[in-house]
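Have a look below at one chain only, the form predicted alone, in structure tokens format.
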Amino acid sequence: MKLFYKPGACSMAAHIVLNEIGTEFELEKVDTAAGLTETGADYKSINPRGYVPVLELDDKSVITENAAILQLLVDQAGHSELAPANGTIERTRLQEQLSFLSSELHKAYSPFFSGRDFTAEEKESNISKLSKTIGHFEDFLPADQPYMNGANFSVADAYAFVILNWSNFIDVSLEPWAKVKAYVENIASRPAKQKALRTEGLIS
């Protein structure tokens, strides 16, 4: 299989999970602004919406959207600790978390990567919305447990880490949310995450 990715983008969640489960895979970097992959392919012929991630399976079919890709990866690999079995309430909770991450937390960070300059009022509004959403995310975190679902790292944690780590690039401190800050620091130390960062050229 092949993961089409952009360094540091939300596609890193799938990259981390692929490292976690040890599945063999290829990577192909995408310049979403130019609409080209690193081999010169027209990316919109792969994903007409033009954004990452895309997972190309061995039969050349493609899957888009993080929530779908992350669950497919662990289901195919049989790593139940990264995603509970389908049909269980625990799996439904994981899907709830992935939906929140995609539709709320990810969305709250998006304006900061739009490439446009904000007015003072726009910046204040965007920061306010982001802060409120990070606070809602903190509500997902259990007390005295390292991950969203307790003791076990899941695909939702991989996705959440990537999003929250964007705070470093938009000068938003996580200090006001002690549980969130500790959560991010904990995941940052995982070897699969470190390997993804090195491979994508974000750390030496």
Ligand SMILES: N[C@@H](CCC(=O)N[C@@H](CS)C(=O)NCC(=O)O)C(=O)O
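Note that the structure is a prediction, hence the values are computed from the model and not measured. The first residue of the sequence shown is number 1, and the count goes up from there.
Same protein, other form: the form predicted in complex with the ligand, not shown, and the subject of what follows.
Colleague: Name the residue from Leu55, Leu164, Val52, Met148 that puts a heavy atom within 4.5 Å of the ligand in the predicted complex.
Modeller: Only one option qualifies, and that one is Val52.
Colleague: Taking the ligand in the predicted complex as the reference, which of Ala9, Ala182, Ala192, Ile21 has a non-hydrogen atom within 4.5 Å?
Modeller: Among Ala9, Ala182, Ala192, Ile21, a heavy atom within 4.5 Å of the ligand in the predicted complex occurs only for Ala9.
Colleague: Any of the heavy atoms of Asn66 lying within 4.5 Å of the ligand in the predicted complex?
Modeller: Yes, Asn66 lies within 4.5 Å of the ligand in the predicted complex.
Colleague: Look up in the predicted complex whether Thr32 has a non-hydrogen atom within 4.5 angstroms of the ligand, and give yes or no.
Modeller: Flag for Thr32 set to yes.
Colleague: Would Lys107 count as a contact of the ligand in the predicted complex, using a 4.5 angstroms cut-off between non-hydrogen atoms?
Modeller: Lys107: yes, in contact with the ligand in the predicted complex.
Colleague: Taking heavy atoms only, is Thr133 within 4.5 angstroms of the ligand in the predicted complex?
Modeller: The answer is no: Thr133 has no heavy atom within 4.5 Å of the ligand.
Colleague: Determine which one of 172-180, 44-52, 134-142, 149-157 lies within 4.5 Å of the ligand in the predicted complex, judging by heavy atom distances; exactly one does.
Modeller: Of the options given, it is 44-52.
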